[in-house]
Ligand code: NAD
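Just one chain is shown here, as C-alpha cells, and it is the form predicted on its own.
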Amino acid sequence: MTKLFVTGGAGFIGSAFIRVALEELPDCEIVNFDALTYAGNPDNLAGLDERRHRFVHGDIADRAAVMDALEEGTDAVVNFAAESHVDRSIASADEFLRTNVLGTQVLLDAARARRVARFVQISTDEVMGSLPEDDASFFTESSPYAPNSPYAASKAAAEHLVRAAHHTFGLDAVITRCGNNYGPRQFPEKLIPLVIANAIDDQPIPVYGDGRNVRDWIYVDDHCRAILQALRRGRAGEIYNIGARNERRNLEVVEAILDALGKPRTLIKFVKDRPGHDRRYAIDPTKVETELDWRPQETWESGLRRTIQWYAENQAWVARARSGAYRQYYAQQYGMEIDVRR
C-alpha cells in the first residue's frame, strides 16, 4: 500500500492512524480529506511529514469535492470520517445521516469510479446493540445488527452500503469494528479526556446514571495497527472486530483517572442517564488475532498512564478544544457550567 486516501484524518482516530501508517509503511503517501467539523482539529496534524502527507479540506458528502481529491491509482480509501458522538445524535440525527450514510455512499461511488484497489470502512461495536451484564456473551462478526441510537443506526446503514458495494459491484471492501478508544488528541466530549481535563482543574465530573455501564477500551494506536493489518491482509468482504479484551465499568474508569492524578473521588457527580443508554459492550477479537496476527501492545495501565501524561503536558490543546461552542454544549448536556481556566 503506497497511496492512501484517508477521510476524517484530522480527527482523533484518523490522525492516529496516519501517524501509525507513515511510521510502519515507509513508502506510503497519504491524502488526508477532512471537513474540519468541531472534532476535526488541525492541531492533530502537527509534525507530520509534509512530503508524504497532504491535507485537503473537504466534505465526504460533497461528490464533486471527493472526485477532485481522489486520484486514479490510489491503493485504498480508509474511511474514518463520521459524526460519532451518541449524545449529539440524540439531540439531532440529521448530520449523522448526511455524513455517515450519504457520505459513505459518495465515497463508495468515487472509489469505483477511480478504480481504487481497496475500501476500508471504520465502524463501531455499537451497530450490534447492547449485551447482557452476565460476562458470558461477546460481540462477534456474526452478531446481529441491533443499533440503539441514531449514531449506531447510521453506522449500521453505512456497513450495509459497503457490503452491497462489495456484493453488487465487486468492490474490494473490508469493515472493521472497534470499541471505545482512548489516547492523545481525543476531543474532550468523550469520557476519558473529559475526566482528565476536569480532574486536572478540580472540577466536577459528570457520570451518567449509576456509572456501571460497561465498555471495551482500547488504546488508539493499538486500534490503528489492527486497521493497518486489515488494510494489508484482510479478506475482501470480511468484517473484523477489534478489541483489547479490556472491559471496564465507566465508574471504574473515572476512579482510575482520579486516583492516578491524586484527586478525590468526591469530584464525581452522577447526572441523569442518557436516553437508551446501552448497558454493556464486549468484543471477541479472536478473528483479528488469528487471521491478522494482531495483539494490543498497550495494557490498560500503560495506555491510561500515557494518555493522562499527554493531556497533562498539552493543556493549551485542551483549552482550545474546550473553548467556544463546547462550553455551551457541556452546559446543555450535563446541566453544569465548565470553567475553562487555560
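The first residue of the sequence shown is number 1, and the count goes up from there. Note that the structure is predicted; figures quoted are calculated from it, not measured.
As for the form predicted in complex with the named molecule, it is not shown, yet the points below apply to it.
Handout entry: residue 124: touches the named molecule in the predicted complex, heavy atom cutoff 4.5 angstroms
Key = Residue 124: contacts the named molecule in the predicted complex.
Exercise for the section: Would you check, heavy atoms only and a 4.5 Å threshold, whether residue 151 touches the named molecule in the predicted complex? Expected result: Yes - in the predicted complex, heavy atoms of residue 151 and the named molecule come within 4.5 Å of each other.
Practice task
Would you check, heavy atoms only and a 4.5 Å threshold, whether residue 298 touches the named molecule in the predicted complex?
Solution key: The answer is no: residue 298 has no heavy atom within 4.5 Å of the named molecule.
Handout entry: Distance check, residue 240 to the named molecule in the predicted complex, heavy atom within 4.5 Å
Key = Close contact is absent here: in the predicted complex, residue 240 is far from the named molecule, nothing within 4.5 Å, heavy atoms only.
Problem - Position in contact with the named molecule when the complex is considered in the predicted complex, options 181, 130, 229, 89, heavy atoms within 4.5 Å - result: Filtering the options by heavy-atom distance leaves 181.
Exercise for the section: Consider the chain as shown here, without its partner, and state which of 31, 28, 65, 35 has a heavy atom within 4.5 Å of the named molecule in the predicted complex. Expected result: Result of the distance check: 35.
Practice task
Please determine, with the chain shown alone, which of 165 to 173, 108 to 116, 77 to 85, 256 to 264 has non-hydrogen atoms within 4.5 Å of the named molecule in the predicted complex.
Solution key: Comparing against the named molecule in the predicted complex, the contact stretch is 77 to 85.
Practice task
Check each residue of 96 to 114 against the named molecule in the predicted complex and list those with a heavy atom within 4.5 Å, in sequence order.
Solution key: If the 4.5 Å heavy-atom criterion is applied to the named molecule in the predicted complex, 96 to 114 yields 98, 99.
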